[in-house]
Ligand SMILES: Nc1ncnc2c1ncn2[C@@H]1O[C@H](COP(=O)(O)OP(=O)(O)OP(=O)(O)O)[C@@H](O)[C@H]1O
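Quick heads-up: it's one chain on its own, the form predicted on its own, in structure tokens.
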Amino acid sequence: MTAQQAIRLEMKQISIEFPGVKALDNVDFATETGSSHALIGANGAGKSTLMKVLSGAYSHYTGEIYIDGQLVHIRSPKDAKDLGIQIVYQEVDTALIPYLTVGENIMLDDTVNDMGKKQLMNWKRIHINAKATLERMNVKVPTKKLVSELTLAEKQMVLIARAITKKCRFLILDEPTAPLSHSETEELFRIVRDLKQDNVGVIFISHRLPELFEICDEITVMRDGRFVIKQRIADTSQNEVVEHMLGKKMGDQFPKIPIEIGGANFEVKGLSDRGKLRNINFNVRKGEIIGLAGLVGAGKTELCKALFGASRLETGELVLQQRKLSIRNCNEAVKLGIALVPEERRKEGILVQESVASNLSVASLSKFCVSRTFLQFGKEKKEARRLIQELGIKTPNELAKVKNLSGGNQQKVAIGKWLTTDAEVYIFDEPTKGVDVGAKKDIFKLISQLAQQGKSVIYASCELSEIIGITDRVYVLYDGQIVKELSTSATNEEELLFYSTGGK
């Protein structure tokens, strides 16, 4: 805490409802400037909704918000910004304008204000100011580069840069480290510590408990849209926090399902693309879960998309059940028995404006059609209800829009749509990103069940503990190449990290 006077923020008896769902039920939340506060809960607990109320994204709430004892009215994002409240959302692509440059996105609020006052823009000043902010963050991204050309991690940094260009009193970060590498996360934490010294209050929404215990001073736990407990980080433990989140003790996170591994099923030979990947070779047997381990930028996502026909290959071949495949696009990959759950679920894995039922049937529409033309809605809804129950998707009904579900339940929908296709190879790219510990356990169980059915599973993640917990073998990627193959039972996180960082 600095010598500056702390400013206290209080939210009292906040409630909000959506069609069929009471998202917040008389929630209290309090924090102050000069500190970092963790807001945590299982998917669907209401933490993101509460912060959207605070940032002005939702206006139809009931309850009161006070800053330094004074009642304030926040019914729009402008209201929040005028009070010094900034938010960086988890869905980076919806918050950035892809056809504008980095500098224009960072200085977007200033640009909009200037356009209202005068006809000519001072583009040089915009890029100078944006560059100064990035340098303060120690981020080396050209300000004149288009946002559409950035990696996911770079987009996240641009959003954070935009938030701190204004002198804010409270900065809300929703899953800020999900797309970041270890070094980028450390840079973010350095920025957070600097902001605290400048008497800014930082509110963290995250499922990565070790990070929260490293960077936060206090923690508030929510469950089912209600406040559960507020504690000093120093006075609690990670196990206690998990128990408060779930309302019960947490058992073994990785299910122990007996799986008989069969013969060779899927093989990748000499695969290279026109960008990141170079001479990739690996294989997966029936009933086997292999891990693709590596840090952010290692090439995991590029490899997953290449296997699914989403990018053009320069060399290499794919072999499934001793048959060489010719995959020119994603549609052909699906027909040949390959399924992909992508990293960016809201952008590539689900149709956010459509219903749960529509999403669960979209990968196998022909099964629900008569003469390949007329959709049988009754059959579609019946199958959706079965999958909702089987996967434990929390939704009012099968007709609810996916955009209104929590991140973990959206991920279950993204996975569930492939279960009716009966694919042979299932590819999971960072499937637990932004997902709470309870939903993670459900996803791990589902993946193990697929392997038990004799499916081949490829699990790509930078969460090395998950790689160790769920896979049978591991291929480590570094700079677009597989640098090491390891048996999971004979390795550990330290060895995986060693090879992931280029160790030889």
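Computed from a prediction, not measured in an experiment: that's the story for all the values here. From 1 onward, residues are counted along the sequence shown.
Keep in mind that the form predicted in complex with the ligand is not shown, yet the notes after this line are about it.
Checked against the ligand in the predicted complex, the residues Asp217, Glu175, Glu383, Glu267 give one hit for a heavy atom within 4.5 Å, which is Glu175. For the candidate set Leu477, Val53, Ala42, Ala460, a heavy atom within 4.5 Å of the ligand in the predicted complex is found for exactly one residue, namely Ala42. Looking at Asn404, you'd find a heavy atom of it within 4.5 angstroms of the ligand in the predicted complex.
Among heavy atoms of Gln156, none comes within 4.5 Å of the ligand in the predicted complex. Although the partner is absent here, Thr49 sits close enough that one of its heavy atoms falls within 4.5 Å of the ligand in the predicted complex.
Contact annotation for Ser361: none of its heavy atoms lies within 4.5 Å of the ligand in the predicted complex. Partner contact region in the predicted complex: 405 to 413, out of 405 to 413, 139 to 147, 70 to 78, 297 to 305, criterion any non-hydrogen atom within 4.5 Å of the ligand. In this stretch, 382 to 398, the one residue having a heavy atom within 4.5 Å of the ligand in the predicted complex is Lys394; the partner itself is omitted from this view.
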